[in-house]
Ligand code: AMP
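What follows is one chain in C-alpha cells, specifically the form predicted on its own.
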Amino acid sequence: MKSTDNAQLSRKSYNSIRVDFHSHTKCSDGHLTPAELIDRASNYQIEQFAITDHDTVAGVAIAEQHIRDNNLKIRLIPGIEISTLWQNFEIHVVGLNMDVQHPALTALIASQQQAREERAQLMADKLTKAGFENCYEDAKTLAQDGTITRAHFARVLHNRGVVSTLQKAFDKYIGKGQRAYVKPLWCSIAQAIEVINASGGYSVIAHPMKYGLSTKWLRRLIVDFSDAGGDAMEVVSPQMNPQQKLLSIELCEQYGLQASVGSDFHYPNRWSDLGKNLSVPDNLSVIWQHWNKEH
C-alpha cells in the first residue's frame, strides 16, 4: 500500500472519532457546571471533548478531577475561547490542548478579565440610563464566580420581562450599535495566537459564520488569522445550514487551515446539543490529529 493511502486511512480514523471542541460551563456563560457538562458529554458517548469558556480556564481542572473521580473514559482537551478585536469586529479564537498554567496564558486571562469587568460596569451604567437599574448586580449573581458576559445581561433583561427572548436583548439594547452597547477592549488575534502557541496549544477561528461577515470579509479574516500563525477553523457546528457548511469547508481547504468542530454548547436545547451533526469529510485534515499522534 502506498504511503498516501496510509495517510488517508489515518485521516479517516481521526475524522471518525466522536468529538466536540467548543462548549461552555457556568465558569463563563454556560448553564451547567463542569461536572454536569462532562456527564452529559459522556452520556452522549463523546470520546474527546473540550471546555472552552470565555477568557477563563477555571472549569478545566474541575472537569479533569470529575473524570478521575468517576473513572470516565472521555478524554478532556484543555481549552479556552479568547475574545479578540479585528477590524472593529469581535472575533473569538478557540485555544485547544494548551498548558492552562502557562504564565503567558495566565497573564492574558488576567488582562481579558479586567477588560471584561470594566465593560460590564460601563454596560450596566448605560442600562441604568435606559431605565434598568441594578443590572450589574443581577448579572454578577447569575455569573456567580464565573466570567461575566453580555449573555448574563441578556438573561437579566429576559428574566425581568423587558425582552421576550435573549436575542432581543442584543437586538434592542446590548448588541452592536444599540443604546447599551460598549465597545470591547480585547486583545488582537495575533496576540491570542501568540499566547496559545506559547502555551503549547492550537488556535481555531470559532464559529466563522456567526460574525455577519460577507464572504469577502470572511476571506480577509482567514488570511489575517493564517498570517498570524493560526492553525484551524470550525467548519461544522449544529447552527450552520448546508450552504454555510460547504463554504466553511471550501475556505478551510483553500487557505490551508485544518478543521475543527464544536457545538458551542451553552445549555440543553434541540439546536446545538453536544456532538450534534459534527461529522467532517474524510478528506479534511483535522486539528485533533495532533494530540492523537502525541497520545
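All residue numbers are counted from 1 along the displayed sequence. Keep in mind that this is a model prediction, so the values were computed, not measured.
From this point on, the text means the form predicted together with ligand AMP, which you will not see here.
Colleague: Among 138 to 146, 197 to 205, 70 to 78, 112 to 120, which stretch has residues with heavy atoms no more than 4.5 Å from ligand AMP in the model of the complex?
Modeller: Only one stretch passes the 4.5 Å heavy-atom test: 112 to 120.
Colleague: May I ask you to check whether F170 falls inside a 4.5 Å heavy atom distance of ligand AMP in the model of the complex?
Modeller: Although ligand AMP is absent here, F170 would touch it in the model of the complex, with heavy atoms inside 4.5 Å.
Colleague: Do D29 and ligand AMP share at least one heavy atom pair within 4.5 Å in the model of the complex?
Modeller: Yes, D29 lies within 4.5 Å of ligand AMP in the model of the complex.
Colleague: Does any heavy atom of S83 come within 4.5 Å of a heavy atom of ligand AMP in the model of the complex?
Modeller: Yes.
Colleague: Flag K245 as yes or no: does it have a non-hydrogen atom within 4.5 angstroms of any non-hydrogen atom of ligand AMP in the model of the complex?
Modeller: Contact with ligand AMP, no.
Colleague: Which of these residues, L127, A151, I222, V100, gets a heavy atom within 4.5 Å of ligand AMP in the model of the complex?
Modeller: Here the answer is residue option A151.
Colleague: Which residues, if any, of 250 to 270 lie within 4.5 Å of ligand AMP in the model of the complex when only heavy atoms count?
Modeller: The stretch touches the partner through H266 alone.
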